[in-house]
Every structure is written in structure tokens, then in C-alpha cells.
Ligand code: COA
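Listed next as C-alpha cells is one chain, alone, in the form predicted alone.
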Amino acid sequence: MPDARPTDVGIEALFVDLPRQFLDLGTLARANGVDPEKYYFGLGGRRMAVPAPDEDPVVLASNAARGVLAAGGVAPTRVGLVVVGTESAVDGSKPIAAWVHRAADLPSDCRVFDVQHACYGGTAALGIALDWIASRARPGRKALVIATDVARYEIGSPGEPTQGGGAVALLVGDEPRVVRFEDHPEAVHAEEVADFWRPTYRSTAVVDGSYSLECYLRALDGCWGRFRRDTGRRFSEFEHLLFHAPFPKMAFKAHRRLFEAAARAGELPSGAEPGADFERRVLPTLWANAEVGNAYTASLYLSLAGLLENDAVDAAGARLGLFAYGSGSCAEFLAARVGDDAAAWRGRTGLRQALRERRELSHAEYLQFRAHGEELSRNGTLRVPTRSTGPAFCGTWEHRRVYRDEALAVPGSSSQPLGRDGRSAR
């Protein structure tokens, strides 16, 4: 077997941050003249996160970064690498990682950069961090990986009910209390396809839905085929399977694909049913995705947080198979094992708190948020910030994005940061 990454590296802590608003998919369906069952059961979702104009991917990433350091009990000075996976960059040059570096009060001897490849970016960032830790380039230092995105499609388009957003921060190191990645050759698949894209002159994505589904499943076949060939591992060996889930029903389709391949290979016991197998191994990972919608790069790791926060499942020591897919395209299959203290992370990932703090929007409010977001993408104009905790985007000054933070705010005001010359940036 080819050399592979050492097994003593993985995820030490995990934290989720979400927009503080949501739209029920039934509300959206009725506004669009569609039977709600088409969204609820056709897509498998219930609600979709709706970012306020001041909840951009930088804000989500910054709050997740602060949260994971606190959850992991790690001082900022111990972080030596920050890699952000995103396809929702807010600047054509400056990486989100640079803003995260400041917001999390990280040291100056820290490498920071972003990775872009559609929804695969978060997994690509994780791979870089795992290899960096394994190399022991900076013994004793940790890596911070953040997947942060906002999924936005044209109003009234088929993609509209698959919107969402959020950030998941992963603290990566050589004490993998949450997830340890197993030693195996890379199982990747890449090909240039036009299944999903967002030109630089657009704020919303374009997707060829049926073709994207085909590309996703073809990439899954490629990754699983390589993993199965090079490791000899079987489908039935994994207690849980996590799939990139632009909508939860996609994970159902992906599971069925692998189940049928395993059945043809004679790997499953007589009488095994795909529906029961899905409910046991995949469904426990999807409840958070059904509440949040598509979070692009963060989608797969939102499923991981959902598994850890699932009260009905004891995931301690469970063997995981993780499939990441990014349109365009690149995909990867990873094998991992959950740490022994998995139950200790219930209530500590930030997921349930973020869901509790949300408020439901009417369809009219949702459209207003969208209108403000479109205005922001055109000229940098931002309405009054609505986020009340952590850093928030306050607007632009000299075409620079300005973020509110208690440490940088004007005395007596939490929403008017100072500009470079001491004048209010608002």
C-alpha cells in the first residue's frame, strides 16, 4: 500500500455558526405556487438559513473560529495555520482567512489563506491542515480550518429552495478527540464539468440540476471504486456514512448508489434493504442539514456536527465514511473514526444554540433581505446591522469592508468602528 498520512491527526474540536434567521420551505413553496410536499419530501429539507445583510461569510467564519478555540480550550497563540474553504468570497484578492486571523486574535507567525473549489473547498482545506500537522513543521501548534458559505440562487428558480448558509470551524491537531482520520491512500476523482457555476459578475449561482446529479454520482463511483480497490474495505464496515448534502435527498441518492454496488458485489447480508440501511447509517447525520439548507463547503461538516449532537445516537468509536463533492469538479472519499468521548460534545458544538437563537422570517422579510443583499453586492451599501453577538459587517469605507468588534468599536457604541484616521467608518 502506498505511503499515507499518519493516523494520529484529526479534529480536536468543532464549532458551528449559523445565520440568525430562517425561512420555512412550506412558506417558500406557497409563495411560489408549489405544493409544499415537493420541497419537504422531494428535497428532504424543512427550513433554510437566511443570512441578514450583515451576516456575510466573514462574520460566520469569525464567530465559528472564536467558538472552536473556546470549545477546544486552546489559546489563540497555539494556532499556526488558518485555511478557509469557501466559494462565497467577499473580495477578489483578500482572503476571508485574513479577517478571521484578526477576529480570533491569532499570532503574527501564522500562515493564512483561502481555498476555492466549489463545495469541495472545505475538504481541500482540511487535507492541507492534516498534512501540515503530520509534517510536524510547527510542533505543538494547531491548524484552524473553516468552511464558510452562503448559498444563493435566483428568486423563483429551481435552486431557490436549496439555499442556506453557515460556517463550521475545525481545530486540527495531533490529539484528535473528535475524529481521527484513518491511514489510507487518497481516493479522489476530478474532471472538468459545467454542472454548477457562478460567474464573477453574478451574486447568484447557476446550476444544471440533472447534470449536476449525474456528475456527483459519477464522482462518487470514482472515489469509492478507488477506495475499495486500494484498501479492500467494504461498504458494510462503516457505522455511519456522511455525504455532501446540497439537499438531504441527495444523500439518499448517494447512499443508494453505494448500497446497490455493495449488493452486486455480494457484500451485504441476505434480505438487506436500502431504506432500513439508510435510516440506520445516514439519516442520523442529516437532521441539521434539513434545518439549515445548503451550506456549500460547510455542508459535510454540518452533518458531522449533527451526528455528534444527535441524542439518539452513541457515535463514540464509530467508523465513518465521508464523501465530499465540489462541482466543476473534484471529489474525495475519506475514512475516519469518532473519538471515544463523542457524547461530551453534545451541546458544545454551537449547533443547537445557533438553531435556538434563530427567528422565522415571513416571505416578505425574506425578499427584503434578498434585496438588501443584492444592493450590497452592487455598490457596498448596507442597511442597519441586525446581528447582536460577535463581529458583524457594518458597511464599506473606501471600498473596504468594515466589521464591528467590541475591541475596535467607538466607545459607547458597538456598531461604529473607527476608520484608519480615527473617523467613524460609518
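Residue numbers here begin at 1 and follow the sequence given. Being a predicted model, the structure only gives us computed values, none of them experimental.
Below, we turn to the form predicted in complex with the named molecule, even though it does not appear here.
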{"item": "Residue 181, heavy atom within 4.5 angstroms of the named molecule in the predicted complex", "value": "no"}
{"item": "Contact label in the predicted complex: residue 325 to the named molecule, heavy atom within 4.5 Å", "value": "yes"}
{"item": "Distance check, residue 26 to the named molecule in the predicted complex, heavy atom within 4.5 Å", "value": "no"}
{"item": "In the predicted complex, residue 43 touching the named molecule (heavy atom, 4.5 Å)", "value": "yes"}
{"item": "Joint contact, 158, 207 and 246 to the named molecule in the predicted complex, by non-hydrogen atom at 4.5 Å", "value": "yes"}
{"item": "Residue (of 116, 310, 231, 212) lying close to the named molecule in the predicted complex, criterion heavy atoms within 4.5 Å", "value": "212"}
{"item": "Contact residue in the predicted complex, from 365, 374, 360, 35 (heavy atom within 4.5 Å of the named molecule)", "value": "35"}
{"item": "One stretch from 173-181, 132-140, 262-270, 247-255 that, in the predicted complex, holds residues within 4.5 Å of the named molecule by heavy atom", "value": "247-255"}
